[in-house]
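Form predicted on its own, single chain, as structure tokens, below.
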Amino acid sequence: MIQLKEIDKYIESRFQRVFILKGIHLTIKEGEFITLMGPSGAGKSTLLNILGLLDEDYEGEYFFGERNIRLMRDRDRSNLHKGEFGYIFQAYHLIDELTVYENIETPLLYRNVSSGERKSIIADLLDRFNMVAKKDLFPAQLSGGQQQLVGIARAIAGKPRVLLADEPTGNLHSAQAKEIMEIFKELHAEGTTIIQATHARENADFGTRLITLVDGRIETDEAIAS
């Protein structure tokens, strides 16, 4: 489904290149549940951004199916990003001017989902995350944990083929965190490809494969026993 070949990402300093990612070779099959782990600064978020088509400033090749991302037109790449990917950001990235309801609705509008279906999907998500009473509030009126839940609801609303999650449970208490991971498990069972970056080893146990990054390189890549 996804193949990365010889991906390098670096910053040019005055005296040398500082590599954030170096020589990344990675093949991801449809339906996998992959966890990226490693110390802070290892390149986990950078790799997620490249996989999610949010960062184009790198060297190497990226194939999504048969399509070479580097050779696609901007419009086609944007449509691929909006149509196939859901992204849970560590810093929420909610739209301040939109309510909880409207934030969750955003990816459904991109996918031209009908009004009636949008209402049904959003009602289900608001209920699932116990956010019905907060649907008309704005992000600034929510706690960090509540904003994270809205971000997760928004990411899964459009049922993306690929769900990318950067520290998805980092701002949640343990009960909420386990609930989110159970939802990921359900999505994975339904066929969603999931790639998460996390420091929480217990989150990795919900997945099928664990990749450890150290200093921008893949150090280990192993299957997780179910």
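These numbers come from a predicted model, not from an experiment. The first residue of the sequence shown is number 1, and the count goes up from there.
Just so you know, the form predicted in complex with a small molecule exists too; it's not on screen, but the next bit is about it.
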{"property": "4.5 Å heavy atom contact with the small molecule in the predicted bound form for all of 20, 39 and 90", "result": "yes"}
{"property": "Contact segment among 62 to 70, 45 to 53, 169 to 177, 186 to 194, judged by heavy atoms lying within 4.5 Å of the small molecule in the predicted bound form", "result": "45 to 53"}
{"property": "Interface membership of residue 201, the small molecule in the predicted bound form, 4.5 Å heavy atom rule", "result": "no"}
